[in-house]
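There is one chain below, alone, in structure tokens, taken in the form predicted on its own.
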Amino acid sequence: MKIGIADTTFARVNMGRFAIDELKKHSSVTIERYTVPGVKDLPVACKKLFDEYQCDICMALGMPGGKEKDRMCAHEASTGLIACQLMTNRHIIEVFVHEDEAADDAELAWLAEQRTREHAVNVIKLMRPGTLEREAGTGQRQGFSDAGSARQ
């Protein structure tokens, strides 16, 4: 299996480094990294990772700002990532950390690392069919605490 990592220079944390480190802890897959300026460039980066680098699955890592304009850009990027998934029939795990999710820079850096690492584990689980079924309905969250199941 080959995993593509698409990340941005706009992010204030090197999310790609965390993803690669976590993936290497859990498997011996080949990893291709493609860095672009911002989140709206991520759909093309993932498409290139699929088409030109023959990746089987991708992670799209980005850190939109905290303003309304940034939320709109993140939404547009998400729409492009969904289109790319449909065009290629391959998963893209979107890992966005919005700057306004954290109270300060320290929490922002912590959240970006946690969310990226937890989603990297999800990528490994997706590569092993049936693995995620055991977690269905358990309220998993990436970054902050899990919500837990609504049914006990």
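The model shown is predicted, which means the values in this text are computed figures rather than measured ones. All residue numbers refer to positions in the sequence shown, first residue = 1.
The protein also exists as the form predicted together with a small molecule; that form is not presented, and the subsequent description refers to it.
- Residue 91 falls outside the set of residues with a heavy atom inside 4.5 Å of the small molecule in the model of the complex.
- Looking at residue 70, you'd find a heavy atom of it within 4.5 angstroms of the small molecule in the model of the complex.
- By the criterion of a heavy atom within 4.5 Å, residue 33 is excluded from the residues contacting the small molecule in the model of the complex.
- Interface residue remark: residue 123 is not counted as part of the site for the small molecule in the model of the complex, having no heavy atom within 4.5 Å.
- Here the chain stands alone, but in the model of the complex its contact with the small molecule, taken as any heavy atom within 4.5 Å, falls in 59-67 among 81-89, 46-54, 59-67, 105-113.
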